[in-house]
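Quick setup: one chain, the form predicted alone, written in structure tokens, and binding and motion questions come after.
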Amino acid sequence: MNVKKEIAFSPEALALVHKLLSRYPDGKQKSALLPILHLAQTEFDGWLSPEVMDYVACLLNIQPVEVYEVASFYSMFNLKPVGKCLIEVCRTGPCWLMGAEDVVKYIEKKLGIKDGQTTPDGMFTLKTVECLASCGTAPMMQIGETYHENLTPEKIDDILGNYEMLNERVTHWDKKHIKA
């Protein structure tokens, strides 16, 4: 028997959605799409399934494709499940020139995964992303809200070791950062 889980925001999140929507005039609810997608990603296990994006479209009274376009454009949105610790390595020009490709290869080898994959234990996901705005300290990566800059293999070992030891502190986007 296949039981489908109903997609619905918690009462607290739904109240925040309504507060966000109240900022915009009638017919302009799509303007709240980015913060609502962040909220949805937090509410639904750190990623946006097609069903979640359809739910957001319904709340905003827009076409699902409008949500898919936005969610697939920004690297901050995950369109498949991610590990507890999402490692985002900048892949744009300055970071690449300063060794981001070597950083990615090192992490792939260390964790036994490729870009876009998650470790079998569900702890780490590696994702290359567009500019994270830290060009002067390249190569760099972001884990949660923390930037890790001027990366070397030794620094990467220390950083990942700390996240493994303190994994209960590693969380996806925290609701308190979405202000209404």
Partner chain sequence: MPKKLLLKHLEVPGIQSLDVYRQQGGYENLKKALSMVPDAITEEVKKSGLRGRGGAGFPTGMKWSFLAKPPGVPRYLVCNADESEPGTFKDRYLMQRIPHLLLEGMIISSFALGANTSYIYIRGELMYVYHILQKAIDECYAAGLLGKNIMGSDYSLHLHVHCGAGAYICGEETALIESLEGKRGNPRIKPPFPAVKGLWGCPTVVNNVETIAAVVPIIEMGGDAYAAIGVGKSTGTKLISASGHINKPGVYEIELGVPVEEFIYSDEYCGGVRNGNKLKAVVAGGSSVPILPGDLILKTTKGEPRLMTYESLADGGFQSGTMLGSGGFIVMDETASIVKNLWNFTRFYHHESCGQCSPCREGTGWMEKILHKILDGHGEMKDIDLLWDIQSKIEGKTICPLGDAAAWPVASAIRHFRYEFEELIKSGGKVNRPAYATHAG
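Heads up, when I say rigid core I mean the largest set of C-alphas that superpose within 1.5 Å between the two forms. Fair warning: this is a prediction, and the values are worked out from it, not measured in the lab. Numbering follows the first chain given and starts at 1.
Although not depicted, the form predicted together with its partner chain is the subject of the following passage.
Although the partner is absent here, K84 lies well away from its partner chain in the predicted bound form, with no heavy atom inside 4.5 Å. Contact annotation: E108 falls outside 4.5 Å of its partner chain in the predicted bound form, judged by heavy atom distances. The closest non-hydrogen atom of G136 lies within 4.5 Å of its partner chain in the predicted bound form. Remark: C131 counts among the residues lining its partner chain in the predicted bound form, judged by a heavy atom distance of 4.5 Å or less. The three marked residues, E69, L97 and E145, each reach its partner chain in the predicted bound form, with a heavy atom inside 4.5 Å. Within 4.5 angstroms of its partner chain in the predicted bound form, the stretch 76-111 places a non-hydrogen atom from each of M76, F77, R91, T92, G93, P94, W96, L97, M98, G99, E101, D102, V103, K105, taken in sequence order.
When the rigid core is held fixed, the Cα atom of M140 travels less than 2 angstroms between the shown form and the other one. When the rigid core is held fixed, the Cα atom of L60 travels 2 angstroms or more between the shown form and the other one.
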